[in-house]
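What follows is one chain in structure tokens, specifically the form predicted on its own.
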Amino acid sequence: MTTRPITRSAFFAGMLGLGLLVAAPDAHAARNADAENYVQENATAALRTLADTAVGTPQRRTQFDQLMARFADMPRISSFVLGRYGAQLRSDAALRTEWNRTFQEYSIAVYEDRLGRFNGATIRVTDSTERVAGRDVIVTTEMQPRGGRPQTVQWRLLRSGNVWKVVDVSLLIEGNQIWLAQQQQRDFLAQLDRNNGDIRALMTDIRQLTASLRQRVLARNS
């Protein structure tokens, strides 16, 4: 199985919500200060954690993993990226557990790799748009690398009860604005189509990518 489809979109790894990204409703004009504060606080904490050299790599990774697991809706994203093949998870609890764990570790590794390159960067919220008032919001931020040009990053959030969770991230890649979770789903579906929907084979590939990403981060920090 080729790894190219995954690595091409392996940026910030999977954030997204079940079916929410396919058809965007008309944007609501209002901003949402609560969602903006949520992104500002947690994105800043993520960058600060990765830049913290006062702790060792294992401890820093643990802190980052815990932070991102709270920040993003990993179970929802894990299901979404499998598209139609996700139906297998509903009838196989062991497979569902294994897939969720594998995909979360992969996603966190990608975040760690990509955000780690912004060591010393700052981030600030510049705008937000309510797609559904109080429940579905896109928050726009500007990430300013040290000595580099600012980059626009958008975060899509859904609120369940009083809790916000990130479900997708949009980045400018090679001049194109790409919602990463949607891209991730397209890549996974292409692979699953080629291997007759074998999720365990996909997991084998993802584990290899996760190990490679972690080795790269370790080499960069050593």
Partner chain sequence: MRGSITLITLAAALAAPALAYAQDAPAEPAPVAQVEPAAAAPVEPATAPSEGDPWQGFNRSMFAVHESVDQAVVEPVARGYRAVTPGPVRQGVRNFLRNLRGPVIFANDVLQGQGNRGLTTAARFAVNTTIGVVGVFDPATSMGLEYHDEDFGQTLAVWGVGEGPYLFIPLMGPSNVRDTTGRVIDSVLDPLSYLDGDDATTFRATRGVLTGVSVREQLLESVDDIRRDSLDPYSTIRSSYELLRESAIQNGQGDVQDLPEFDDISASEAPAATGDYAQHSELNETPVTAQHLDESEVKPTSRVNTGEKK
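For clarity, every value in this text was computed on a predicted model and none was experimentally measured. We call the rigid core the largest set of C-alpha positions that still match within 1.5 Å between the two forms. Positions refer to the first chain, counted from 1.
There is another form of this protein, the form predicted in complex with the partner chain, and it is not shown here; the text below is about that form.
Shown alone here, Gln66 lies within 4.5 Å of the partner chain in the predicted bound form, counting heavy atoms only.
Heavy atoms of Asp198 never reach within 4.5 Å of the partner chain in the predicted bound form, leaving it off the interface. The partner chain is not drawn, but in the predicted bound form it has a heavy atom within 4.5 Å of Gly175. Contact annotation: Ala190 falls within 4.5 Å of the partner chain in the predicted bound form, judged by heavy atom distances.
Contacts to the partner chain in the predicted bound form (heavy atom within 4.5 Å) from stretch 165 to 187: Lys165, Val166, Val167, Asp168, Val169, Leu171, Leu172, Ile173, Glu174, Gly175, Asn176, Gln177, Ile178, Trp179, Leu180, Ala181, Gln182, Gln183, Gln184, Gln185, Arg186, Asp187. After superposition on the rigid core, the Cα of Val163 moves by less than 2 Å between this form and the one not shown. Put the two forms on the same core and the Cα of Ala190 is off by less than 2 Å between this form and the one not shown. Relative to the shown form, the Cα atoms of Ser128 and Gly175 move together by 3 Å or more in the predicted bound form.
Between this form and the other one, the CA-CA gap for Glu174 and Thr129 narrows by 3 Å or more, being smaller in the predicted bound form.
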